[in-house]
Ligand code: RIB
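One chain comes next, on its own, written out as structure tokens in the form predicted alone.
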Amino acid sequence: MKKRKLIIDCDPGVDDAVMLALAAAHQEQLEIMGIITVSGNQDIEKVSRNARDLSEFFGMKAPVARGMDRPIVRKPLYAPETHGEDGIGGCVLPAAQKTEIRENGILFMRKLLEEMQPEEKASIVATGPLTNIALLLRMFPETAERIREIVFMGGSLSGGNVTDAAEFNFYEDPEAAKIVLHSGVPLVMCGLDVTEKCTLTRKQILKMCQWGSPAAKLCGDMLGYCLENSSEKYRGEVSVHDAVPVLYLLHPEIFEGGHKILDVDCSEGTARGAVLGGFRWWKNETEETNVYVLTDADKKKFQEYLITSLYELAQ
């Protein structure tokens, strides 16, 4: 089976870390060309270090390049209350032997896309603010033709998690989200509407910590930190937001969604980062839509596929 070419743009981050473990467990299906970092859950120094350490720890040979250290317009916003001051819940990792690519992450992403064979295209999984991808498409619009699709975690049709209106990644850099939404590239939005249904329970996390595998224990410890240091503890399960885009590429059949026309609020008001549109679907033809939005998932299958993947990586 021919591998799907994949570029990962991320801001590790606990759920980014689990996403990297999931991708690492499926390297027979995914040709991971590169990992690009972006300021988001923590500052660019921390997320870049985490990307190097985690990818090596999980057995990924993909090079890591450092992207943007701030949003296009706004000051950076971090989430230590959810991910810890180090971004990975206080977990200690061996320092990676591999170093970062010296080239800027946006230029490196362009290089990866341009060096493919003319008939090839790559998918991009984006689990942080869309800053890098927006700037890539603005500075090098010709790269859009080399992108098969962008599957991103961000946005929400039904309220946010950083404000009542906005999800964190869209709130962090709404201008970048707007550029990507209007880029013309095929888009799959994995927003809170679906990711908050993709959870692991406290019992499942505890079992991961008991497997005896360093990789499984790390994922369990990180998710446990999120569970016990956020409002997630009151429902006894934690949303693994950033695993959804990769699992969608591997198992699209467990998700439901629809084509919509979406925009994003870039104001300084209370609606900053809110997703606009998408509700009066009957007014538009399918070909006029700009994004396929995931709205539901088979929770049991999500848990089964994610836990099995982490177990197999552990083996």
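Numbers follow the displayed sequence, beginning with 1. In this text the structure is predicted, and so the values were computed from the model without any measurement.
Keep in mind that the form predicted in complex with alpha-D-ribofuranose (RIB) is missing from the display, and what follows is about it.
By the criterion of a heavy atom within 4.5 Å, T37 is excluded from the residues contacting alpha-D-ribofuranose (RIB) in the predicted complex. None of the heavy atoms of T143 is located within 4.5 Å of alpha-D-ribofuranose (RIB) in the predicted complex.
In the predicted complex, N41 approaches alpha-D-ribofuranose (RIB) with a heavy atom inside 4.5 Å. In the predicted complex, none of the heavy atoms of L218 sits within 4.5 Å of a heavy atom of alpha-D-ribofuranose (RIB). In terms of contact with alpha-D-ribofuranose (RIB) in the predicted complex, the residue from V125, L192, V180, I205 that brings a heavy atom within 4.5 Å is L192. With the partner omitted here, the stretch from 241 to 249, 210 to 218, 116 to 124, 96 to 104 that lies within 4.5 Å of alpha-D-ribofuranose (RIB) by heavy atoms in the predicted complex is 241 to 249. If you take 138 to 173 and check each residue for a heavy atom within 4.5 Å of alpha-D-ribofuranose (RIB) in the predicted complex, you get M153, N161, E167, F168, N169, in sequence order.
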